[in-house]
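We begin with a single chain expressed as structure tokens, specifically the form predicted alone.
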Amino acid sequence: MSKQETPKKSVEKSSISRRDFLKIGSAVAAAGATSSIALPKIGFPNFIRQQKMELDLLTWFWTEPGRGDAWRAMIQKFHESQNDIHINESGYGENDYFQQILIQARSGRIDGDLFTQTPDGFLRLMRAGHTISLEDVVKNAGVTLSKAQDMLRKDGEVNGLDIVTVRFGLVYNKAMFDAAGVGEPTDIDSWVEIASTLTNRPDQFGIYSPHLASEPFTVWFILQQWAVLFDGIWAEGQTPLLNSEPVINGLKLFKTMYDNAMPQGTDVGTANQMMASSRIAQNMVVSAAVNQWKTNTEDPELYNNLRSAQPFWPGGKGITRIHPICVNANTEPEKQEAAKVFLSWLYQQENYQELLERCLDVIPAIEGGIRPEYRETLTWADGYDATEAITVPEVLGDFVLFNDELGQVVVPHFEEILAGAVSVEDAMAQAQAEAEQLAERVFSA
């Protein structure tokens, strides 16, 4: 029956109560526990709704190679399991997404019914009241969350569900290493030497890391790890540490690699293609990046040749980032409950495992979230597993709530360093002064 043909009486009863939706979600979870492939259809009474509930999922995943396909496959599976809820794609690329979300949040409403976020972005949005409790989702899904998700809690209740945890490490092409007669680095000096040995401009480069001013989010996202390579952090509490010795050493190391072994002026997309065609040998990057090279047409053997180095840098730490999916606190109550039905389905163990495996992720968010048989196939993941986790709040201190603003201070001065216009020490001294002014402004507000 079309919307125009629906009698008035039916329209008046077209909304569904929170209690009814939660009952439906519980039923879905219970049914799913007995199914190894697909869930039974969700049977909404005819008087409840004459058309599907449309939900917008706001994320940058749609533009991410590998991960976007994984999410589309899982959402298609959800659509096939029931007839009443439809998930629509919405969002932006990663270099625009986070700024757009902040703009929307300041205006009072985020566009999506569900949205994904970075750990720092989530904490900021949760603090501002843009998330809701998802404790009933966890109960309906029948799973136990990892201890790491405690950072996603407000007043003791989880407000976001981790759908990808990534860790920084050094991924490399073993075939290129073997051809050059080099092995894994054993310390920072040997790493610089190996990267230089693997460089033969303009056809081959020893390493890549984002560095273009036109990709500020990605630059700042990965640059944070370079200070951690010297067991450093960027801030402690409300005190920025941009001119501290570990930060200085990390940026000097980046500059050395940039001068000697990187394809200068190369954007991330082009660099990914160059790595796919075995023209870049190493990448200091999060574990999730490997997915984009699994179904690789440039070099079909690349994925089998990928490895991650055992941590050789001081402290052996890698930033570990939890990315949650949230339900928008400012969307309609009926849509909130429909979103919870979807998340209850997604977080059931078998569905969660399938998402994790399709995304080539290695750090589960729930107990039993990773199958040993799957983990054994990931020959590239050993170095990531061996790296000690350090969280984003530990790296950024209270600036975790103002990560974008701190990045806007650091990245322009970093670009000056790469251009050779100023020394690392002078650039970071100026950045430190600006960060201290930022602290006065944001923490006194």
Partner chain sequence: MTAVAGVNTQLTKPTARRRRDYLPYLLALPIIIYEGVFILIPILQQFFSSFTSDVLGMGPVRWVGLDNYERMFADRYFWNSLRVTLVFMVGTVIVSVGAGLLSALLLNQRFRGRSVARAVMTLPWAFPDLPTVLIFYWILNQNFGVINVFARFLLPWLEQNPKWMFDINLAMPLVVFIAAWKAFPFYGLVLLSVMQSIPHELYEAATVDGASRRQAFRYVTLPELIPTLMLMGILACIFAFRQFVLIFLSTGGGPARATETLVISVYKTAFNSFDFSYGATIGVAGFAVVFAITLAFAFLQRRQEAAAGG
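Positions refer to the first chain, counted from 1. Just so it is clear, the structure is predicted and the values come from calculations on it, not from any experiment.
Just so it is clear, the following notes concern the form predicted in complex with the partner chain, a form of the same protein that is not shown.
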With the partner chain left out of view, choose which of Q99, T239, Q310, N304 has a non-hydrogen atom within 4.5 angstroms of it in the model of the complex.
Q99
Under a 4.5 angstroms heavy atom criterion, identify the one residue in Y258, W220, F177, F78 near the partner chain in the model of the complex.
Y258
Just one of 351 to 359, 166 to 174, 274 to 282, 364 to 372 has residues with a heavy atom within 4.5 Å of the partner chain in the model of the complex, so point it out.
274 to 282
The partner chain in the model of the complex reached by all of I103, F402 and P412, non-hydrogen atom within 4.5 Å:
yes
Any chance R127 has a heavy atom within 4.5 Å of the partner chain in the model of the complex?
yes
Considering non-hydrogen atoms and a 4.5 Å limit, does the partner chain approach E157 in the model of the complex?
no
Any chance I188 has a heavy atom within 4.5 Å of the partner chain in the model of the complex?
no
Is Q264 part of the interface with the partner chain in the model of the complex - any heavy atom within 4.5 Å?
yes
Restricting to 399 to 436, the residues within 4.5 Å of the partner chain in the model of the complex through any heavy atom are F402, D404, E405, Q408, P412, H413, E415, E416, L418, A419, A421, Q430, E434
